[in-house]
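First comes one chain, alone, set out as structure tokens in the form predicted alone.
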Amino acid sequence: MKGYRQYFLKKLGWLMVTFVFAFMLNFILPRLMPGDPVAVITQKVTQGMTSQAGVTKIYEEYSELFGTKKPLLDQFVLYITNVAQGNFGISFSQYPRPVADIIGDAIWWTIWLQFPAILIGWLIGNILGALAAYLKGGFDKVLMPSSIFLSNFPAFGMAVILLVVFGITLKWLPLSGGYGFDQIPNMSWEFVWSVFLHYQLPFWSIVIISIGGQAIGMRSMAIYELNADYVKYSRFLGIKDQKIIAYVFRNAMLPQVTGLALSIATMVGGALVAEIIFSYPGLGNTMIKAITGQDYPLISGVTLIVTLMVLVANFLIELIYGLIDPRIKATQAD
């Protein structure tokens, strides 16, 4: 256990270092965007006003409220203080809503969409890859090119294809949103069914893209393990093939666990694209609205939450990997 404790502390240290750098970039990058978001808010609020002095006064009040006139260092110190208290500030584009409330409404949509889709895509991909390596023949000849095609297919492309085929052409599924525009959130069967139908297109667009890369990785590792010396020796000793295969695929799964961690990182890339294309009310859709509205607090809040989710998920995967990988166990014992 002493060795594993050192392994845990090392991973925790890298997590903290990564988070500090991500936190700093999370604050700085949105503020490098061109334009003045306070001027945009002021323009919306003062439509129809003829008094320039009144417009200037409102602009100054908003600048003081959002702290945009303060030096960058002062803004950063204030940002650290507020985040430590769970306060991400007030949204520019959705004033006067707190950023924490906006993120709180969106984050559960993202979690319930992204994590099941990534896990199911990972599971299906690994099963198909293992079967291709073991069965070979026609199954492998069909799966391999299909997996290569899917793994290189852009996430937004798959989302658009599903949208056109099942939403526009066949009209089987709704095109956008998290539920019907005529629905009010409640626990009725009608609302739950509406959420289920709106869930399908973004969910499967993520799953299908995830399958390809996982199948290729699992197939390669399984073929390598099937040709390893310990497999040949075990068969020579007369050990049942079923028992050998169990060890083969267990060993082949180890790198795929790391692949799962990397797949989780797609939440900040391709997976969020699905939310944007389908106007799904998650963090991806919230992010694009924040960017178009030059909403610094909302951009910083969303990116910080997504970054934290990815770092924690990768950290947990690394800990699990350290428990199940016999090579790491051996290193810890030393």
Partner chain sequence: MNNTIKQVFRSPKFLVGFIIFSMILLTAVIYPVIVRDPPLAILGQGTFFEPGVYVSTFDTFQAKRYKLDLEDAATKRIAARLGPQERQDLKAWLVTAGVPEASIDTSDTTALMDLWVNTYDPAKSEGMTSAKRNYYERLDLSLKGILGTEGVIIATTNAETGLLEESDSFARDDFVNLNQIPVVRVLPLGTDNFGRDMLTELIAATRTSLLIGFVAGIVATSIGLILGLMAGYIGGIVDDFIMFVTNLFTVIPSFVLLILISFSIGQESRGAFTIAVVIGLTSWVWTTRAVRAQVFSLRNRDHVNLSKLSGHSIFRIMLKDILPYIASYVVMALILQISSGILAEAALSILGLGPKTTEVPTLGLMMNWAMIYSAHVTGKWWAYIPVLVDIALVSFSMNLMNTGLDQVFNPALRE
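Just so we're clear, the structure is a prediction, and the values are computed from it rather than from any experiment. Residue numbers count along the first chain shown, from 1.
Not on display, but discussed next: the form predicted in complex with its partner chain.
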- [ ] Spot the stretch among 98-106, 202-210, 247-255, 148-156 with residues whose non-hydrogen atoms come within 4.5 Å of its partner chain in the predicted bound form.
- [x] 148-156
Task: Non-hydrogen atom within 4.5 angstroms of its partner chain in the predicted bound form for each of Val17, Ile168 and Ile223 - done: yes
Task: Pro281: touches its partner chain in the predicted bound form, heavy atom cutoff 4.5 angstroms - done: no
TODO: Examine Ile161 and determine whether its closest non-hydrogen atom to its partner chain in the predicted bound form is within 4.5 angstroms.
DONE: yes
TODO: Report yes if any heavy atom of Ile58 sits within 4.5 Å of a heavy atom of its partner chain in the predicted bound form; otherwise report no.
DONE: no
TODO: Consider Met287 of the chain shown here, and say whether it contacts its partner chain in the predicted bound form, taking contact as heavy atoms within 4.5 Å.
DONE: yes
Task: Contact set, 278-301 vs its partner chain in the predicted bound form - heavy atom within 4.5 angstroms - done: Met287, Ile288, Ile291, Gln294, Tyr296, Ile299
